[in-house]
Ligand SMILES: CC(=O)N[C@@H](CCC(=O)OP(=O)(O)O)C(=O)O
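One chain follows as structure tokens, the form predicted on its own.
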């Protein structure tokens, strides 16, 4: 690879995920941050807002055409759902060879975009330049179910609890620490976007019930799986170890993992593997940091693959 760094821009950089991405880019030997777009932080120094970043780069408020005019090699869209399309259209016109990684749900159901959950879709990679980054819950759900897909007797049921950073920075009940104090807030109990996403990419129906808790970062998903034949715990553990052998960002653990242990970590913990007496039901627990493996770290895996460097470059593994 040549010594010239690839220029990367982030749109919607005010959010929690944007800050995590800026930190990862700052430590990356093959990338340099060309621009960060944020209406709210327009004119402020990035270094004053993100610890771990140095230099004089300032946030700018850039519309779709202004982003496209930057002609960056890589653009990450860290925008709320429903906002990506104008940016994609403008970049398609100005410099179609740009790598675009979209962190929203906008292209997760689009056949023309590569769905970048590397541990499950790496073999489908064909050098695409349009990458849809999976949802945080959808990542944990799919990694919990994939090794047992051929054994299922019924749709898996996942119960999820996330820290309130998952609700973004726009004020709402779901990220209001006062309303969350001593509380657990259920929402979107059927038809959540991540339920549809996991169902689509696993190619089987998944039922999912999300909740928000008073902690800031990290999520846990407890999945109940009914099996078509009795299975011993050893076989379940063997399947997970086999599926994720050599995966640096998926750790198969024995006990059910705790969400408090996953904050600021870049991997997923999957464990528990509690089997019922008749051997026909197993409960699997997965935890991940929703801002990292659930968003920024996974985006970096996808960016690394797209620019042709080792998938784990700049990711602390």
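Numbering follows the first chain given and starts at 1. As the structure is a computational prediction, the values presented were derived from the model and not from experiment.
What comes next is about the form predicted in complex with this ligand, which does not appear here.
Heavy atoms within 4.5 Å of this ligand in the predicted bound form map, among the stretches 165-173, 199-207, 233-241, 119-127, onto 165-173 alone. This ligand is not drawn, but in the predicted bound form it has no heavy atom within 4.5 Å of residue 75.
In the predicted bound form, this ligand stays beyond 4.5 Å of every heavy atom belonging to residue 215. Residue contact check for residue 104: one or more of its heavy atoms lie within 4.5 Å of this ligand in the predicted bound form. Using a 4.5 angstroms limit between non-hydrogen atoms, residue 136 touches this ligand in the predicted bound form. Contact check at 4.5 Å (heavy atoms) against this ligand in the predicted bound form: all three of 81, 187 and 192 pass.
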